[in-house]
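What follows is one chain in structure tokens, specifically the form predicted on its own.
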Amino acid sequence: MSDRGTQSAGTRTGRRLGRVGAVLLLVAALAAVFAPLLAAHDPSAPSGAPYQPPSLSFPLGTDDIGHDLFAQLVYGARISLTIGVASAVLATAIGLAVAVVAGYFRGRVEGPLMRLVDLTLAFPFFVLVIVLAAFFGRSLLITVGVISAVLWAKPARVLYSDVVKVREFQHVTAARAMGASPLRVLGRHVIPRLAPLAVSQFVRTANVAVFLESALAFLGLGDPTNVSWGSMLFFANARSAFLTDVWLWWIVPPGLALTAVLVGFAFLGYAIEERADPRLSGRRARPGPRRRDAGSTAAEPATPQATGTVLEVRELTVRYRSEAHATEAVAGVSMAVAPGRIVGLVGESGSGKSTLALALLGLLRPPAEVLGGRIMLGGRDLRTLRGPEGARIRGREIALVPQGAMSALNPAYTVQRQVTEAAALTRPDAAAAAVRARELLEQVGIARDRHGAFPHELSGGMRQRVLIAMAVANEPRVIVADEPATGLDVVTQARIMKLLLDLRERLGVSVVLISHDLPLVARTADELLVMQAGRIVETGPPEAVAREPQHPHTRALLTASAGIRAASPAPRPVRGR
């Protein structure tokens, strides 16, 4: 059988199991809801003679006191399912909150929270439940609290790894770069992505919670004032039901009901996991906690921004640290961008260009750490801005056009919705943001009949235009365009460069244009910076740099980008790192 056939057969099996599980749970839920209509007697009061066999009046007979066992069975479904579902809701909510705080916000809270998760998971959960229940007492609320206090750690562990991964998706990074607040990013991009896995964890947690409630009640640690399936088994065992024939209708029905609910939750959880996005099931190693910047600007004396500049970078140093070694991806870089100017930053892959771009917007993540330097924008050092204050700068005063438009756009939303989301950061209402989005899409060359398209329905050049529209939605002072034309054909590259020039002229925005294609940038930029191994090795007007390059690396870049009519010289290595 082919892989596709095997996958289809597995999918059909999962759907069948899901339907079976849903039916089993639906029957139990209906019995709990309509218990007053199904049962003719009070489950807590004697209603017949002891040990009556099943009859029309008592479908499951009576116990040794005369309680209607059928009434106890259907009313017991209420308690068992209510405690199980309530405990699962609370445990999953706590686990999701811990996963989001530790996986998205990271920083100092990540380590302690995940160590608490590990510690909770290290204890035998059943023993822990028994100890807590015996200590705190017996009631419905205490039972829910005790079960939730033990079960929250598993959803937290599973969801945490996926929060870490979803956080690094390019469309999430792009949303942060556009200035979206953490709550907005979580609500629009992270939580919806986690929803299938969170529902699956809820179902599996409910499965365990129903079992734990029944186990506690069977051990005599449940609420003595309410009847549940576990308490039915407790009293049957305590009153020696196995010594008489009454065990057939006293023990077997609640045991079968409990088994059916547990199987139903298991089958439904399996089906939900199968339907969830398979990319959410992958694990990735968790980076270490965020390090405090070694060269914190808090201790450095404040110096004014140079006149005639909209963005100024001074001696910026960024290091990537691993257990084996540390590498300076950006080593003492300084640059200045004047209003309405395009500064081109070129270099080979791995030279530190993208690291510099992310540092400008405060989007670096571990294991990257900024060791020192300043990033001045409008008289403020962007390195000193944290949390909501930094988010208000991104997208409004400095914006990013990330590389890889297909990855940077959310595949689940139309392009107009995504541009509207960016424009909504500075618009009073949704209608104004939608109008702004339509205007922007038309300005960057997207026809009105394509505004409702999804990213996969557009060409690479059109997707890149959408990213540019999102970047200029809130009229920033500086746009950082990281490889905006990479992977596009030469005609589309020329159109994207022309679009950037038009926006510069129309909006007066400054652009930091990052690329590995020196001739392409030289035709567009007002100033050219060549980067190698984390350092700026040559600067100057593009014409002068292209005509008389001073550094060997610049000459190598020009040679590598020779035109199709030029002779192809043999490659020459460049000394150094």
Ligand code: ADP
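Quick note: we count residues from 1 along the sequence shown, nothing fancier. Computed from a predicted structure; not experimentally measured.
We do not show the form predicted together with adenosine-5'-diphosphate (ADP), though everything after this point is about it.
Just one of 348, 502, 315, 274 comes within 4.5 Å of adenosine-5'-diphosphate (ADP) in the predicted complex, counting any heavy atom, and that one is 348. The partner is absent here, but in the predicted complex a heavy atom of 352, alone among 455, 269, 476, 352, sits within 4.5 Å of adenosine-5'-diphosphate (ADP).
When contacts are judged by a 4.5 Å heavy atom cut-off, residue 384 does not count as touching adenosine-5'-diphosphate (ADP) in the predicted complex. Put simply, residue 126 is far from adenosine-5'-diphosphate (ADP) in the predicted complex: not one heavy atom of it is within 4.5 Å. Put simply, residue 367 is close to adenosine-5'-diphosphate (ADP) in the predicted complex: some heavy atom of it is within 4.5 Å. By the criterion of a heavy atom within 4.5 Å, residue 329 is counted among the residues contacting adenosine-5'-diphosphate (ADP) in the predicted complex.
Contact with adenosine-5'-diphosphate (ADP) in the predicted complex, judged as any non-hydrogen atom within 4.5 angstroms, is confined among 100-108, 83-91, 369-377, 320-328 to 320-328.
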